[in-house]
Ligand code: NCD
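Next up is one chain by itself, shown in structure tokens, the form predicted on its own.
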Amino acid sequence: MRDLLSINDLSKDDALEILDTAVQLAALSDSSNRKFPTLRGRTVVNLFFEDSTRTRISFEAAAKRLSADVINFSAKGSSVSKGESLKDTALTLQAMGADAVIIRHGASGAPAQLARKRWIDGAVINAGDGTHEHPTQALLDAFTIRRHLMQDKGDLAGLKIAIVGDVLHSRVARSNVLLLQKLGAKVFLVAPPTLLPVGVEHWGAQINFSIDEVISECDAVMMLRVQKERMEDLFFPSEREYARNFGLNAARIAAMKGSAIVMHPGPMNRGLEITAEGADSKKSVIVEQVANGVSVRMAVLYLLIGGATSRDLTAQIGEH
């Protein structure tokens, strides 16, 4: 694997190797020495054409914990805002000797273009492109589910996961459906018909229009942010009605399995797709997802540009 553009780039074994490596790196991060010299001398570029807090900081922390040099490139206030093309930006990064470029872009397919044109020699990692995919978010979500429900072992076979809300505009949903099913879980997509994309019936997930029909049988409930900034048309009558029909509230929390967990990729619209009771309940692992994102992104960087495998890491941790 040279790049990570889509969950489709990963076999089941590839995905499990990333998750297993993240488990080892999470354990390392809990030790007194949180720095690991694997990527010393390497340069990682965060190339963000869209605003981001969690993903950008998470990748930056991951690279720094592996001792890489990090360059943060924001499109705002740069030559991009003056009309520079993606190609010319990439050639500039190539001249700087980037070993990996982590790209978030508003256009679906931009990371794939950057990788396939080979405007840079380094690895390309998709940090979210349009409404297409966000593979590392899906990996950290799977890591979180596996940690809580499978004790960090094996795949997710036998689990039932509900993904609820604005599926239409969500790159997180698409990546999660692909990965969770690859790992053996059964996935429910729950949304009003207006917030489901064309062709969703071919994704392999079960489609439901009522959260109450599935919530009691699910092991994890993943709430999606209602992306109002991408909505030029009216997709539901009112926010109050959406919250009543699809929001995760105290009553729905009470209907969940005792061991079930509540997830959200963030940022949250409290009071819309999730209430304060849902976000702050004992079942919520939302804050933990952020922490797990660092370990998972460390694993991706380690495996992509560290020139090593999870077995190598085991030996190196022993030496460290």
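Small disclaimer: the values here were computed from a predicted structure and weren't measured. Note that residue numbering follows the sequence shown and begins at 1.
The form predicted in complex with the named molecule is left out here; the points below concern that form.
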Can you confirm whether 109, 126 and 174, the three residues that make up this candidate site, all sit within 4.5 Å of the named molecule in the model of the complex, judged by heavy atoms? no
Determine whether any heavy atom of residue 64 comes within 4.5 Å of a heavy atom of the named molecule in the model of the complex, and answer yes or no. no
Taking the shortest heavy atom distance, is residue 266 within 4.5 Å of the named molecule in the model of the complex? yes
In the model of the complex, is there a heavy atom of the named molecule that lies within 4.5 Å of any heavy atom of residue 105, even though the partner is absent here? no
Contact of residue 146 with the named molecule in the model of the complex (heavy atom, 4.5 Å): no
Between 292, 55, 38, 46, only one gets a heavy atom within 4.5 angstroms of the named molecule in the model of the complex; which residue is that? 55
Interface residue in the model of the complex among 92, 249, 227, 245, criterion: non-hydrogen atom within 4.5 angstroms of the named molecule: 227
Choose one stretch from 133-141, 95-103, 180-188, 193-201: the one whose residues place a heavy atom within 4.5 angstroms of the named molecule in the model of the complex. 133-141
